[in-house]
Each structure stands twice: as C-alpha cells, then as structure tokens.
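Take a look at this single chain in structure tokens; it is the form predicted on its own.
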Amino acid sequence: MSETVTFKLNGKDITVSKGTTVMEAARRENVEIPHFCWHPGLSVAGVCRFCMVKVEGRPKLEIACNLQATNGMDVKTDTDEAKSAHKWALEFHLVNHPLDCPICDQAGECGLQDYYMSVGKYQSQMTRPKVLKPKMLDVGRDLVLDTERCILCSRCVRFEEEVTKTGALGIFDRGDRAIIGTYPGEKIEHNYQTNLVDICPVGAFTSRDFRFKQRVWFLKDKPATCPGCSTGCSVDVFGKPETRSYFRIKPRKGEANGHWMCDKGRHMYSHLNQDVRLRTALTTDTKGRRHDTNFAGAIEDLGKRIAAVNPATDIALLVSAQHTSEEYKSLFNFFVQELGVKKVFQWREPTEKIDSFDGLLYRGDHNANTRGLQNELKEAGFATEVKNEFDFVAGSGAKIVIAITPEIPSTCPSLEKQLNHLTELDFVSFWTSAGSVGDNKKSKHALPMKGFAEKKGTFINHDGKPGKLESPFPCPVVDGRDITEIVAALKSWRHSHGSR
C-alpha cells in the first residue's frame, strides 16, 4: 500500500499519495488553480508562474504545479495575495498578445479568455506597444503557427521531447523577442501533430483541417471510441446536430491512449458527412433496372430474395471488422443460427500489416473491432483466425452475398477495387455508408448504414479491452440503420410473410 499524506486545501483535509503535487490534488477535488504551462500528460516546467498558492507559515507564494503535498501543510488558493498574483501573472501574459479573439479559432475554448473572465477583468496598466512576431507560419502538414499569440508555456516543446521524442520545436531568442518555432529548414512531420493544437492554451497552434470552419460554441461534443485502428482511443466527436454535420475529433483521456491521439484518427469524422454517404436505399427490378427506394422497400426486396433460396448453400456473409460486437451478434444469430447460413467470410484490407505499430498509438490493424468479430465468429461456430477471405466469395457458389462493408474508406486503400469486383457477382446486398456504392451503376442492392458516431455498441481493442459508443448523434441519412436494426427489419418481414 502506497504511503499517504494529509494536508489542508482551502480549509478541507485532503489525503493523497506521497509525491502528489498540490495542483494534482486540487484537480481531484475540483478546485481550480489558474495555470498555463502545467499539463497532466507532460513534465512540470513551472515557467508561467500563474498557479501561485499561499502556504501558511511560508513567506512567499509558491507554484502549485511543482509543490508536493506534505503532512500538515495548509494551502490556500483563494487569499487576496494569491488572487493578486493571478491577476498580475495574467497581465504579463497579455502584454504582447494580439487580442485577436474575433478571428481566432481558439475563441470559446481559450485559456486566456477563460482566465481573464475568472481572475482578470481589470484595466490594463501596460502602455508600451506590443512586440510583433511572425504569423501564419507553415510548421507542419496539419499545423499553422501564430507566434504572436504564443505565451511561451513550452507545452509544445515538451510534447515533442517527451511524447513523440522528435524534438522538432524549440524556443529561440530571448526576452520579449523569444519565439517558439521549428529548427531551420525543418517541419513537424509525425502522425501526432494536432495534439499540439489541443495542448496549446491560447491558439498559437491551429489545425488546418478545422481552421475557420466553425465556432466551437455552435458544436456539440459526444464521447466515442476512435474507429481508426485497433488501439481504441477514447475520443470526443464534435458535430452540429441541427445541420447533421461533423467537424472534428479530439482525444479524451482514456486507458488506451492517455491524453493523446494520432492525426489519422482525427479524420475519422470525414466519411460521416452527407456529401460522401449513401443517402438512399437501392433495389433492382426483374428487368435489371435500378431504383432508389426507401428502407422498407429495400428490406422487402431482400426478404423476398432470401426466401427464394436455400440459405445453407446460396447465401454468403462477407463481414468487415469495423462494426460493433452487438451488431455481429445480431447478424450471426439471424443468418447463421436462425437461417442456417454456413458461408461466412472475413473482409479485410489485403495490404494491411496487422502487427505493425508506431510505438505510441497507431497500429497496423486499421479495424476497430477485430477482436470483437473474432469473438462473435467463435460464438457462432466459425474459425477465429484473422485473415482476408474476400477472394473466396466469388468461388463460394452463393446466389446472394450480404456484404457488410468497411465503414472507413481511408483505412482500406483497396476498397473501390473490391467493390467493383463484388458488383460482378449475381446479387450483392451492400450494407454500407459509402456513397461510392450508390455511384457505382452496377450496384444492385444497398442499404444505407449509420456510422460509429450514430449508434451504441462496443469495440474490443487489440488488448481485449472494451471501448464504448454510448452517445449517438442523429444520423444524417434518414434511412440509415445499424446492422442490428437491419436484421430486426428482415426478421419482422419474414415473420409477417410466414417464412420459417
């Protein structure tokens, strides 16, 4: 059992593990101490001098980020002396800040704005002209840097040194001329660039992808699990439900990812927007003419086709590993257990390197639920070896193929080629969110599906740990359904038409 210490925080007795800082203890107790340079995922720098607290019996204020709690210590964060220190620290941070809030992407989630309202709201006593510094610097594929906004908290420098270990950033020059920047002739090139935007407290780093697209106070954020690879990072998805559109994904502290996420995961929202999605169901009549239809019409067409064949020999399932465990269970319960389908094939990207890993978060298995699919395959009585069986479908002799497509097109470079191959078969029912299926004139049947941000369920990551989808956005596609809902509709149609 670890050793503990007890101290007072604003008059309340607090017990913490030995070595815990006052800042960490205060956060646990929901006591706000203003800070800029401290971050829970980085080392202590103590450079902003903003988190001053009063320790009774000591002559000077001390910084909470580097002050370890000890037995009997009496700490106060709200004395007049501490409040005055917070005010003056903020004043100095604002000395050369451009105060361009109306055009800054950080507006609405900016530490300077928040702290000015909580510990500032004063008449500035600084009269000297502001020091001008370089703006709109191209420092990386996903980044724009405005050094005038920078308050030299050094979070970004520490991230480069401690997390990615790339050391691409440094602090150059001295005094009020000091700036953050990359080394001459270099740019930030790794797959974790946008974390610098997240940890920057003032909007010096902005994201090219999100820049000037939307004000954050118009967005709603909902927790989810990233579907981009088998790490299963905890994330927040930001969307605008009233327009049924999505704008970004940010990391949420989780067991799999700590405080970070990769840049590839940041783009896992783009396939959810209406302009790239299948928006209507498709059917084909007896004369081979394709029609847009509603969900009920597509279910009726598929139900009739299923009823007209022998499921054991004539139906095949082709299943990707990017959907939830609950969906796989309902799929196999219906087609395998109830109908007796015996042909089930895994759909994987043939070029994937499933065991590759960048050493931080990003894995070569670009499927969020490989483990979940294997679990449900085993439960349904099939082999659980992870393998790509796409090419086996054409030779299976199936008259009907139910193709559960990968949800994320960017994780499957071969997807369009594979879709073209499938359209050459007798009859394929695509269950998909991909608009390219509807654009392909050879597609005979398709059902629009919900994306990961629009349904509830579970992903099992590479380590066997569950990640939840619990707070769905409304689906931008009116007829969008998840696998469980499609299966329920098929079962209902069969029962209403007397099929066994």
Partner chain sequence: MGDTFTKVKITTAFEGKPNARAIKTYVDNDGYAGLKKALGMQPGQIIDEVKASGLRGRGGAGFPTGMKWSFVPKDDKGAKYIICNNDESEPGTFKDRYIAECNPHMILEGMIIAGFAIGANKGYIYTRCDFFDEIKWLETAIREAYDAGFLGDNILGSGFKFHIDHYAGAGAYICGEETGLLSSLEGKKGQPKLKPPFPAISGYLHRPTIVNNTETLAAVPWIINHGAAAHKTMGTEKSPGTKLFCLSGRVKRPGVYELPLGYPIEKLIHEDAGGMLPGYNIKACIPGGSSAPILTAEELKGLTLDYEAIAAKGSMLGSGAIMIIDDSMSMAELLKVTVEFYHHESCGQCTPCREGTGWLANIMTGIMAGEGKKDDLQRMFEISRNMEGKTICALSDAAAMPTKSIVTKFGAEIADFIERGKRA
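Numbering follows the first chain given and starts at 1. Note that the structure is predicted; figures quoted are calculated from it, not measured.
Only in words, not in the display: the form predicted in complex with the partner chain, which the text now covers.
- The partner chain in the predicted complex comes within 4.5 Å of a heavy atom belonging to residue 66.
- Residue 55 falls outside the set of residues with a heavy atom inside 4.5 Å of the partner chain in the predicted complex.
- The shortest heavy atom separation between residue 245 and the partner chain in the predicted complex exceeds 4.5 Å.
- Put simply, residue 60 is close to the partner chain in the predicted complex: some heavy atom of it is within 4.5 Å.
- Put simply, of 163, 188, 152, 354 only one has a heavy atom within 4.5 Å of the partner chain in the predicted complex, and it is 152.
- Interface residue among 371, 277, 366, 93 relative to the partner chain in the predicted complex, by the heavy atom within 4.5 Å criterion: 93.
- Segments offered: 354-362, 236-244, 165-173, 258-266. Contacting the partner chain in the predicted complex at heavy atom distances within 4.5 Å is 165-173.
- Contact check for 84, 88 and 127: all three have a heavy atom within 4.5 Å of the partner chain in the predicted complex.
- Contacts with the partner chain in the predicted complex, taken as any heavy atom within 4.5 Å, map within 33-60 to 44, 45, 46, 47, 48, 49, 52, 60.
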